[in-house]
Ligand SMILES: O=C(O)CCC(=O)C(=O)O
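Presented as structure tokens, the chain that follows is alone, the form predicted on its own.
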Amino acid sequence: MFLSEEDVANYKRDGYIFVKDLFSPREVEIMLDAVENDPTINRYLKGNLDGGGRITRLSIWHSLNNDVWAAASTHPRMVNNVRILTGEDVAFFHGKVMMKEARSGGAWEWHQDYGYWYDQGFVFPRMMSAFVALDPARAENGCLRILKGSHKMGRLTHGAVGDQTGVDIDRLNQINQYFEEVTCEMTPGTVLFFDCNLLHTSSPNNSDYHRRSFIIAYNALSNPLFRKKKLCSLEPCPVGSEDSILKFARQPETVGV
């Protein structure tokens, strides 16, 4: 469950790495139950239009609360792997659940996460995301697609695409021939760790199958944040216990006699 020196070298070369089955089927089941029943999801839920006018729904928050999402964000299998990849301690930045429902989930335009985060005041791209597949992620239901090694270009110019932030399409058309496009098909519980400057996108979900996911963003402690409104903790991300997610399993209701 923990990454090797070879894994770190591959991450630095490619800008991403998969860890299959980092979360168990039972842990994924508990997170999916929270997607459907946790009021936190609706509290932070918002919708953004993609370039084609379809709604992309996500729920995003910037604090660690007493819930299954904090348990997953601080899980040792998650935090320690992020530390290994960054080579230093990290802070929790935010968590978000992507709600790419069957037949309705919109696209995410080509972008780098740092294309969003740079304007939020982070000085360096010492940041990364951990993408947790909760449903099977396949090409047919709009899984992620990435340009392998594209993080080495640094931050590209971004602009508004619908309600989203997307990379300049002319620039993208010029550079995409130099990079291999990877379709990120993932089984539930697999985690994709990727650099904040890695170019990625996803298509609309026109299938009959949901493609929901949980994504945690982390910031290196050495990365200053100069905006007055600080959205990111400046403290090391706490590390929870191995059974932290299991503690949020809902107990079956007791039926009276």
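No experiment lies behind these values; they were computed from the predicted model shown. The first residue of the sequence shown is number 1, and the count goes up from there.
Only in words, not in the display: the form predicted in complex with the ligand, which the text now covers.
Comment: 207-215 is the region of 185-193, 33-41, 207-215, 62-70 lying near the ligand in the predicted complex, near meaning a non-hydrogen atom within 4.5 Å. In terms of contact with the ligand in the predicted complex, the residue from Met128, Leu144, Val90, Ala133 that brings a heavy atom within 4.5 Å is Leu144. Interface residue among His111, Arg83, Arg138, His75 relative to the ligand in the predicted complex, by the heavy atom within 4.5 Å criterion: His111. Of the heavy atoms in Asn219, none are within 4.5 Å of the ligand in the predicted complex. In the predicted complex, the ligand sits within 4.5 Å of a heavy atom belonging to Lys96. Residue contact check for His151: none of its heavy atoms lie within 4.5 Å of the ligand in the predicted complex. Counting a residue when any of its non-hydrogen atoms is within 4.5 Å of the ligand in the predicted complex, the hits in 198-212 run His200, Ser202, Arg211.
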